[in-house]
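Okay, so we've got a single protein chain in two different forms coming up as structure tokens, structure 1 first and structure 2 after it.
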Structure 1
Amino acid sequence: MGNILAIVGRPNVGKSTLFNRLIRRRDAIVESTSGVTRDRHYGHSQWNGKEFSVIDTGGYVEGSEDIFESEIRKQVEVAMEEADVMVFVVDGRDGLTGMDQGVFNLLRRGDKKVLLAVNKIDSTGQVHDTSEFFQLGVSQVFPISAINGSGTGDLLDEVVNEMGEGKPEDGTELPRVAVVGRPNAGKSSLINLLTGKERNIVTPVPGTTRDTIHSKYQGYGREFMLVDTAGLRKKSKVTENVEFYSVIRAVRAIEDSDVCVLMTDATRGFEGQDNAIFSLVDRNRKGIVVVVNKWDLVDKPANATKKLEQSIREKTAPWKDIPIVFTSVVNKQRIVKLLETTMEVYENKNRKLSASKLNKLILPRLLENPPPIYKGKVIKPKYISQLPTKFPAFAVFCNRPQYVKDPYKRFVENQIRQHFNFHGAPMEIYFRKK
């Protein structure tokens, strides 16, 4: 599975500042998509060529100054259970506090690597302030300043050194399909129907599924790994450690999948939380199929399907090339259609196009509709090719790539989607100098 770094510590020691610094490294380089909703407490980072997820555990606990020690205990327990490496942040100005000692004693009981970062060491003259933290019994202390970044390189060197290779845990090369969505949308029911086993406890209580469960699926000439995740919830409801745990698990499942089946509840419509999960899938560049489940329970006036489809596409804009399947898992309606669509999306996500095809079909469209003139500068596309990435990405070579804006990149993407089948697959367009 993918690697997860958890940042833990008592309130106001600078966890969020460190978190923001770590994820900005990747956001500036990799995340060029505008308008993607970013969760404040979950993100990606990369260091020395290794990518990993970063979780700011404090982000899931309400309150700040008067935070309960029991809440911190929950954060720590979750981090110990789920993260691969933990960075324990303390405040170099405050010195070692009783609460620091208590949190560290908890961390030490686990079998995960814990790195001690002493924050707010803004100058070399303050490094001696870190010596008292050796009382915790650690062999190494990392003096850092989360605000100006000093010392974070040495810390990250050690973080990635401690991380594994992050390979899929089942060791198979089969397509990996993650079933995601809010609690009680019908995820476990779908998996039970497909596998023919009561693998998960299915009850009408939201949040029953606490873990991710992998099931190998074979049927209708298809074979893939099914991943059922704990329901994602709004952060305001993630108070007990079980819920926080399930959020990390769902994040991990999305990251390690090829295609995500986003299950929504027809009786509730496509709400803000559904859109947040969609953004999470989009941010990770996964294929997606939106499933409107419990369609049998809804009063359907004329054009109901078309209207709901249109509403979903408006909410997920600018990405509109998304398959939407209306199902009733209980009544086994359109399940085969869902499977066919999911596998089609997997194939589309892995589709490779030759440069000759692209330049024959797409380049003429770009020459007919070149990018807008910018400050008197004419931009002329010259060549287009697909990049060797895990999802469809294309490079358009031109004379002045720095002047090409997002609306034109969307135009190029739409041209490619019109000519080739990338339905449900993410796509990125880059402009580069020839």
Structure 2
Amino acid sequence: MGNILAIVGRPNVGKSTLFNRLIRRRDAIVESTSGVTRDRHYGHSQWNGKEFSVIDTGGYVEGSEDIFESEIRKQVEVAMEEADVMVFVVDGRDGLTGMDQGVFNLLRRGDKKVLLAVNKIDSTGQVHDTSEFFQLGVSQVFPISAINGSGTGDLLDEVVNEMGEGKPEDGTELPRVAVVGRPNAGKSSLINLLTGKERNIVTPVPGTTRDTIHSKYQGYGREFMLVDTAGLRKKSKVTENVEFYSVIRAVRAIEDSDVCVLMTDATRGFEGQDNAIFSLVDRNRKGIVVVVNKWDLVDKPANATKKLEQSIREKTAPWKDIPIVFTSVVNKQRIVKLLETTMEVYENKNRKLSASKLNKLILPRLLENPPPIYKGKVIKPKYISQLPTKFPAFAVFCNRPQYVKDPYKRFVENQIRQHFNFHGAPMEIYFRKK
């Protein structure tokens, strides 16, 4: 349903530079809590109104140049399976190399669209350098400079052109739930618990364009689609590439879902990797339920849940309105609660408020606390309405919307969240001129 762009190529051609440009680094985070300061290699981007996830495959290989080739091979194979569009990056200064040729031969065998970006073409005088790459048999090359951005607009035009419309592939309108999280958090155990029960009816619904396995879940009076996750997949294929594989799977699952159940491991706390997945869910504007699993394994002094909740909320700030459920999958504790919460978040994400309610309950709050005067200009909110978007978004109409800053938008969001139930749902506030 969602779209994923994978950036592939041999080392040093400029994949991370291009990746950083696409996600504009505004959401770059480092895994500070786990002690490893490392950049993230997946993010979210948009172009011409289309949103998509971006994966920098190069970010997952480490080691010397000679082990690169086989590593790259495996990554390219996984990326080809999961991504929708591949951008194959080569270095316009080095010219075509044997390794480029090797990677491209792999790419060509897949059924995904591959766009060839010839990077490091920093000035137009160098454009002739790209001609030798036509030897690969492509019909088009995109000369780009990942560093200064030239040519990347044309490349992105073509990228989004190749992407689908984001409609569910299985044709159902059921809520779509993805279980995501770091390896070993208990995702497969949860899915097995849900799908293994005799009284629950689980029907595999094969995807049409990928070999995804989504399952229709019925149980405890609920009905939804479980978006393909680790639990239903053969893990064997990718044992050597667990991290890369689990990341790309998570990105795929998030893209394809309405609500994400983010499983964390109580024995490890809410770590950098959990937060990285969390922010991806956030930027994809999906509903979220945070699960603290393996609750049976930890000591529970007085106020344990409260304290842990608070620490999670600090780490996910400014997001505070998130449900957190403490489960033990092995002891089957609070699984029904988890299902109920997940369905509630789905409802919240789809909640539509009438203009009359908003203007009766929210507008007066804004008039009591108007945006700060900016350069001597008074800003007066006049009207508020919900936009017909897939996730909750509201427009506040006022004079001089350009002067309204983020803190005030958060104030508006908080007002709406205080008056209505948007627990676990994303939200966006826009200021517009009438």
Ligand code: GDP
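Take the two forms, superpose them, and find the largest set of C-alpha atoms that agree within 1.5 Å; that set is the rigid core. Bear in mind the structure is a predicted one, so any value in this text is a computation, not a measurement. Each residue is numbered by where it sits in the sequence of structure 1, with counting from 1.
- Which depiction, structure 1 or structure 2, is to be taken as the form predicted in complex with this ligand? Note: form predicted in complex with this ligand is structure 2; the other is not.
- Task: Tell me, please, whether between structure 1 and structure 2 the C-alpha of residue 49 is shifted by 2 Å or more, with the rigid core used for superposition.
- Result: Shift at residue 49: 2 Å or more after core fit.
- For residue 269, is the C-alpha shift between structure 1 and structure 2 2 Å or more after core superposition? No.
- Compare the position of the CA of residue 95 between structure 1 and structure 2 after a rigid core fit and state whether the shift reaches 2 Å. Indeed, residue 95 is displaced by 2 Å or more.
- Quick one: how many Å does the C-alpha of residue 156 shift between structure 1 and structure 2 once the rigid core is superposed? Residue 156 is displaced by 4.9 Å at its C-alpha.
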